[in-house]
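Here we start with a single chain on its own, the form predicted on its own, put down as structure tokens.
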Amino acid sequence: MRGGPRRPPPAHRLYFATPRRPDAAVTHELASIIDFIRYGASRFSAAGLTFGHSHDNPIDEATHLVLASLHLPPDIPPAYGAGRLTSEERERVLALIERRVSERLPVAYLVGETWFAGLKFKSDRRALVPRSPIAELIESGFTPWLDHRHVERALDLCTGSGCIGIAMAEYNPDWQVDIVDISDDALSLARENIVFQHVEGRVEAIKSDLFSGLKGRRYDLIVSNPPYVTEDEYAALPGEYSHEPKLGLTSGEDGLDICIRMLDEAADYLTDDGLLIVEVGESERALVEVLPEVPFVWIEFKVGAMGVFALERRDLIEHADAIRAEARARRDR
């Protein structure tokens, strides 16, 4: 998932030698929330950490770590920044900062939570840290894509932590949403997030290898943030990404194996006026090269293109032969 992206831009990496752990005399001078955020940001920058899991800079990363560890919301009024930490809180925050530096663990895993589409989700190693630009589509009501389209049932395919499907249900109380993954670990976390967000009556978590467990179901909208990292890219990823499940990241030589399967099967699970929205990140160029005749519409976000396409069911049907031929060639490799 992106937005922080799965493959962080080089500018998000800082190359300095990791400093030695500061002694108690240094950290004893820290007192307020702002002190610890500033200190954490400085430690992260000096240590050459990679930022790409929800945040793209050390200040936001440190803010997330400090506020979450103090059980405070991210939109805390600025005046609270002067609040002083207790000795127990100091020890906890400093320990988490050092783990972020020494173990390269994403902050979301360290504090057990992150934010997506304005909602808080549980986060741990069972699934990728939520960070897809699809959050922007959810918050905007998928405009203009759904402006004149009636949606009753939606599907979040390759759901991971459940963030996309659960957020769709939160923003659209009249939708029934299925969230699907092949991973038992991911689904266990997704089910916890369903309960955490109180959407048990409108969101169903289903174990399925793409559409194999969804026979007879049809959807007005299918949204997916599937694995799309190549094996070569995965081998070159910074240490932060090694803590995430590889199953949620890689998808063949060009990162498109799962996406092509999805394109091959999706029409049977969409209603007549159904829409498919899929994130493929930096595999966008490869997808256009292997299926040049398919009219993918690449969605623009506030920060520009992010490798997310929209495709109508009728286009899937019209180009079914080319898609099927590509899917068959991949199966036969």
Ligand SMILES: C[S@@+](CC[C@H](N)C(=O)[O-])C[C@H]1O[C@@H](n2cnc3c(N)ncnc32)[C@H](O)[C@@H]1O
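Note that the structure is a prediction, hence the values are computed from the model and not measured. The numbering used is simple: start at 1 and walk along the sequence shown.
One more form of this protein should be noted, the form predicted together with the ligand, which is absent from this view; the next part is about it.
- In the model of the complex, none of the heavy atoms of K122 sits within 4.5 Å of a heavy atom of the ligand.
- Under a 4.5 angstroms non-hydrogen atom cutoff, the ligand in the model of the complex lacks E91 among its neighbouring residues.
- The ligand in the model of the complex is not approached by P106, whose heavy atoms all lie more than 4.5 angstroms from it.
- Though the partner is left out of this view, I182 does reach within 4.5 Å of the ligand in the model of the complex, counting heavy atoms only.
- The candidate spot formed by G40, T50 and L96 lies out of contact with the ligand in the model of the complex, as no residue has a heavy atom within 4.5 Å of it.
- Stretch-level contact analysis of 136-144, 167-175, 71-79, 224-232 against the ligand in the model of the complex, using heavy atoms and a 4.5 Å limit, identifies 224-232.
- Contact with the ligand in the model of the complex, defined as a heavy atom within 4.5 Å, holds for exactly one of L189, C259, L128, V203, namely L128.
- Residues are counted as partner-facing when one of their heavy atoms sits within 4.5 Å of the ligand in the model of the complex; in 241-258 these are L247, G248, I258, in sequence order.
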